[in-house]
Every structure is written in C-alpha cells, then in structure tokens.
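A lone chain, given as structure tokens: the form predicted on its own.
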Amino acid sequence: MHTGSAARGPKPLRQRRVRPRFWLLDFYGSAVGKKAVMAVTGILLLGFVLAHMLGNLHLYEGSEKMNHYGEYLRTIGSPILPHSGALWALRTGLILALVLHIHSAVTLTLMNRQSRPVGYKGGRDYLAANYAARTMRWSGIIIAFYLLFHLSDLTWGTGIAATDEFTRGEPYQNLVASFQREPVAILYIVANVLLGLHIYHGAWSLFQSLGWANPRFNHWRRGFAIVFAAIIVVGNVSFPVAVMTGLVE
C-alpha cells in the first residue's frame, strides 16, 4: 500500500514562462507589418519630397524671397521652440522614417526570396515586396548616395560636393552656384529621373500594402502614381535647367 508522496507520483516540472514581446515588434516582424511600415513611411517621405519641391519654387521669385523662406524654416515655433528646433525635429522624424523604410524594404526582399510570393486578391500587380526588389536594388542605392551628395552640397556646405562660394543662410546663392557646374546639374537631373521612377512604383504599391487595392480602381492608382511622380520630377529638374539656361542668375 503506497502512502504519502509516493502515492501521488513525481512532481511535474515547472515550465518556464516566456515573456511575450511587445506587440509592435511582433507586428513588424511579419510581412504584413513590414508592408504597412514601408507604406506609411513612404507616405511621409512622399509628403516631404512634395513640400521640399514646392518650397524650392521660391527660386523663381528671386534671392530675397527664397532666402527669407529658408530663414522662416528655422524660426517655426519661435519663441516657444529654440532656433531651428522645429526644423531639427522634422529632420529627425524624416531620418527615422527613411531608416524604417529602407529596413522594411530590405527585409521584405529577403523574406520574398525565402518563400514563394503570395499575391493579393485581384491579381499579382506590384507587391510591396516586388516593389522593394525591383527598385531598391538600383534606384534606391543611387538615391541614397544622391541624398548624401545633396546634403553635402546645399545643406552642410562641406566635402567635395560643396562649392567655394557656399554661404550658410543663403540658399538662393548656394543653389545657383552649385547648378552653374554642369556635371553637378546633370547629376541632379539623372538622380531626379530615378527618384521619379522610385516614387511611381512606391505610390502605386502603397495602396496594396495598406490593403486598399481593388482591381476596379487600378487605373486611378496608376494615374495618381504617374501624376505625382511627374510633378516631382518636372519641378526638381526645372531648377538646374533654369540655372544652366540663364533663366535664373
């Protein structure tokens, strides 16, 4: 006759509790999460590119207007915020959005290679993963180098990209002096054409990434992508062309 603990048998092993990860990390770890992040950050970057191009249209109003616009960006939120405080907050947010956009695109590409692509309802079209694979390999890399060149040339005023005539706080004179160098102007034109292709694929695919795709509205999505990309390219390319042709001096 068994009594005591022997009758009850051995005690079960206590399982170690695994703390769940923060739900945002789990969401971002999935393909759906990465597509959503790439789409949302893409929208933010598209908005910045459009606003940046529209702001640079002050070039055609002369040096006083454009330099005043450049100074206005540094005084947004004053006196509550310090000088250039809002501008640096915007830059920080854009850098974070750019890093997340690139990371989600690269990891989506790797996930797409490791598994068989699964299409959205209504046709294959351009998946977010395909968008990354098709464009980030070449246009994305070139645009990243172009961005560094652009910042060195017209924002920092340092490095091989900058001119000897760079003066902080005078964006009009800096832009004209830069685009009077024909190789630099041609580089900007080529980079913005590639940027337009990148924007076209991104604007087209972000609707699918957010689950807003419907085959009945594909022509509207395509039209939006073409028009948006064309506006950016025409606007940005017009600046070096205007300087090279003497329209802006």
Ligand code: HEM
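Residue positions are given as counts along the sequence shown, with the first one as 1. This is a predicted model, so every value here is computed, not measured.
Just so it is clear, the following notes concern the form predicted in complex with this ligand, a form of the same protein that is not shown.
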Of the candidate stretches 202-210, 219-227, 66-74, 30-38, the one with residues having heavy atoms within 4.5 Å of this ligand in the predicted complex is 66-74
Kindly confirm or deny that Leu151, Asn236 and Pro240 each have some heavy atom within 4.5 angstroms of this ligand in the predicted complex. yes
Contact test in the predicted complex: Ser84 vs this ligand, heavy atoms, 4.5 Å: no
Can you tell me if Leu147 lies within 4.5 angstroms of this ligand in the predicted complex, counting non-hydrogen atoms only? yes
Residue contact check: Asn56 to this ligand in the predicted complex, 4.5 Å heavy atom: yes
Can you check whether Leu94 is within 4.5 Å of this ligand in the predicted complex, heavy atom basis? yes
